[in-house]
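Next up: just one chain, as structure tokens, the form predicted alone.
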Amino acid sequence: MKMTSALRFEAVHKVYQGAVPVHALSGVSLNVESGAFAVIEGPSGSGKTTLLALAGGLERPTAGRVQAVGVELTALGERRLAAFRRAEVGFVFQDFKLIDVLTALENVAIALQIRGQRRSVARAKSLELLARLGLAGRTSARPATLSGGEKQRVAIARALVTEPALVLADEPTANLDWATGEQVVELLRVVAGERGATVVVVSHDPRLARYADQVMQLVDGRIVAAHAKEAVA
């Protein structure tokens, strides 16, 4: 059966202008299959965060085409691009980006409420997902009292609760010890898979590759290797 593409880059360049222009991406072409858990490896400064920002419509390429879940992002105006992000993309940020004054439950539910979901429904869906991620006993805790692994699981719940087609995770294990990071990545892979989401993770940690269906290596703004593999069970 032919696989559909969830994310496609075609000869994408991204240049940040300045006194000395920075070529963050140089002719990147890639294809992530729908439903895949894809890992893009690369050292710091290789362009991974830029690639993720383009994939989620947070930035525009200098040249080339970006398509996500069947939508040509480079053809959208700002209003439609913002609507696309709200409807189709869940972001998991390296520094979590939780709201300090809100509880874990409120940090997740707000993602639904700002999309017009009733508060009671948003809370019920958020409670269910937090429990699935092992946080049933921490829903009333504020970020300052959560461990790094707990914060990352709350961030994952917030990204998944809207049931996006595409989940983009920027260095999800960077602030965690490996044992905790491994648990977090496994939960992200499994729970996103249950919800039919495509996940793209960028990381400098090569150990994440064992969880991936597709692995790509990004060096100095270029894809230097790519292969598909059978993910862990």
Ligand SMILES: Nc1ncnc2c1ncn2[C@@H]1O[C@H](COP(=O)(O)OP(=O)(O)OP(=O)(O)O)[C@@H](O)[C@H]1O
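Residue numbers run from 1 along the displayed sequence. Just so we're clear, the structure is a prediction, and the values are computed from it rather than from any experiment.
The same protein has a further form, the form predicted together with the named molecule, not shown here; the description that follows concerns it.
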**OP:** Answer with yes or no whether Gly47 is in contact with the named molecule in the predicted bound form, where contact means some heavy atom within 4.5 Å.
**Re:** yes
Subject >> Partner contact for Met216 in the predicted bound form: the named molecule, 4.5 angstroms, heavy atom >> reply: no
Subject >> Close approach of Ala212 to the named molecule in the predicted bound form, 4.5 Å, heavy atom >> reply: no
Original post:
Given that the partner is absent here, does Ala11 sit within 4.5 Å of the named molecule in the predicted bound form, heavy atoms only?
Top reply: no
Subject >> Contact segment among 192 to 200, 39 to 47, 60 to 68, 175 to 183, judged by heavy atoms lying within 4.5 Å of the named molecule in the predicted bound form >> reply: 39 to 47
Original post:
Taking heavy atoms and a 4.5 Å limit, what residues of 111 to 127 are near the named molecule in the predicted bound form?
Top reply: none
